[in-house]
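This document starts with one chain, in the form predicted on its own, laid out as structure tokens.
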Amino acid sequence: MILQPAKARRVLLTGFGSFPGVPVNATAQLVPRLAEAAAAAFPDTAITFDILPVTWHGGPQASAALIDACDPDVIVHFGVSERATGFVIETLARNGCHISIDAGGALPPLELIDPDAPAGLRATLPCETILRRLEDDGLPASLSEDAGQYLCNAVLFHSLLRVKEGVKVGFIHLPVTLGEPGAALTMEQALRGGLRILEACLLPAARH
């Protein structure tokens, strides 16, 4: 879905659907709410968002189609992780796949995401700026160089390969219990943090 398609700057936000062990993926609830809030907070920005399938073929394919359709300046993918106790800002996508089944019961076709690509690709979001903005807002946040080598890592790697130079691309992991009673982050905190992340990507002072 696209919000405010006539505006100058273009942002793509994605979350994920369910997958083995996670029957309800909180990012499927967060991303539509974040897109609506971002459209109001950044009125000169066109916001495109969607929920990707957690399949080795369908996830990267759906992300690629979105990138081609909206030609974004900023891409922020969101997913959940059992290891996350706050916002985990992934700084590196690795060219590798764990041999794990996806939501459709399939295994990755290869151990490498792309045999002709580098061993790793750096996220191009302003990760340090994002970290500071989240911490300044009192939200738990950290940097990571291990996106897990499941669909989160695969989608980030494919996106970094696909975009043109200068596009800001990254991935944010959130707690798998996001929004549940006693979770490390509430849904409202995640929404507030999502806006801080976009501020870091869109405001002139954050460009570098």
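Residues carry their position along the shown sequence, with the first being 1. Just so we're clear, the structure is a prediction, and the values are computed from it rather than from any experiment.
Keep in mind the form predicted together with a small molecule is missing from the figure; the text below concerns it.
Screening 63-71, 43-51, 149-157, 29-37 for residues having heavy atoms within 4.5 Å of the small molecule in the predicted complex returns a single hit, 149-157.
Proximity to the small molecule in the predicted complex, defined as a heavy atom within 4.5 Å, singles out one entry of I113, V80, L134, L125, which is V80. When the small molecule is considered in the predicted complex, N25 lines it closely, a heavy atom lying within 4.5 Å.
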